[in-house]
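Take a look at this one chain, the form predicted alone, written out in C-alpha cells.
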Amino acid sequence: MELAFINRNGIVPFYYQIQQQLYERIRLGELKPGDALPSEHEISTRLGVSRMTARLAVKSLCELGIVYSKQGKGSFVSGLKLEKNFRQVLSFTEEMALSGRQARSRILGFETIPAEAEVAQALGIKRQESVVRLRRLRIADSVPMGIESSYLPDRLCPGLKDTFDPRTSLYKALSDHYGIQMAIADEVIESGLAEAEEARLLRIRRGSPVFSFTRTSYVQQGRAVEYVKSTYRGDRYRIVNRLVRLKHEFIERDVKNG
C-alpha cells in the first residue's frame, strides 16, 4: 500500500496526516476489515518520520475503533463504525441498505408467549396477553452486529408466526400484510458489558463494551405496536444525533414564564 508524502511546511501534525491517509484507504476499501496495516517501522521509513509519530497515527485509529492491535502481531482493520441515527425510524435492514451493507439474520427464536410486565407496559396491553417474540442475530456483510428481540401484540398481526419469513424485513411484512407502518419511536440507549451468551453470539470477548437499546414504536395514530430490546457491539457502532439550539428570545421567554 502506497502512502503519500507528508506536508512538512503546514501546521497539520504529521501523525494526523498519516492517520487521515490510512483512514481514507480504509474508507475506500483499499484496506478491508482484517487486513494488516503497515508496521510502525514501514510507516516511519516510507514517510521519513519518527517511530513515535507512526505509533501515534495508528493509536489514534485504534481509539476511533477503526483499527485494533494484537500484541506481537501488529495492527489490523476492524472496519468503519456504523452510525445509529436517532432522527429516523429505520429497521436494521434499512439501516444496512443505506450504508451499502448486506443485511441478513440468524433466527434465535420465533414464538408466541404471554407478555411480561415490562413488555405489557411498553405496548399498553394487559399482562399475560399474547405477544409474538422474534429474536434474531443481526448480521452485516457476515459480521454479527447485534441481538434483537422484537415483541408485537398477537392480535394486531394474527398469523404472523405462520406466514412471515423471519430472515426478511419485519417492517416490510407489517406494512404489506397488516397496514402497520412505524411512524414514531421512543428509544433509550445505555452502555454495558457483554455477558457470556452475547459475547458468544457477537464473536467478542465477554465484558466487551456494548450498547443496549430499548425501543417502543408507534403508528401515526399513537398506538404502540412494537417493543424491542437489543444489544449491539460497541466496537461497530457510534451514536449520532442532531441537537438544535432554540433562538435566544424563545429561551428568554420560557425562563421568564417558568
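Each residue number is its position in the shown sequence, starting from 1. Rigid core here is just the name for the largest C-alpha set that superposes within 1.5 Å across the two forms. Note that this is a predicted model, so its numbers are computed, not measured.
Unshown form predicted in complex with the DNA; subsequent notes refer to it.
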property: Distance check, residue 52 to the DNA in the predicted complex, heavy atom within 4.5 Å; result: yes
property: Residue 15: touches the DNA in the predicted complex, heavy atom cutoff 4.5 angstroms; result: yes
property: 4.5 Å heavy atom contact, residue 73 and the DNA in the predicted complex; result: yes
property: Non-hydrogen atom contact residue 34 with the DNA in the predicted complex at 4.5 angstroms; result: no
property: Contact residue in the predicted complex, from 208, 212, 45, 69 (heavy atom within 4.5 Å of the DNA); result: 69
property: One stretch from 185-193, 224-232, 200-208, 36-44 that, in the predicted complex, holds residues within 4.5 Å of the DNA by heavy atom; result: 36-44
property: Core-superposed C-alpha of residue 45 shifting 2 Å or more between the shown form and the other one; result: yes
property: Residue 57 C-alpha relocation of at least 2 Å between the shown form and the other one, rigid core basis; result: yes
property: C-alpha of residue 73 off by 2 Å or more between the shown form and the other one on rigid core; result: yes
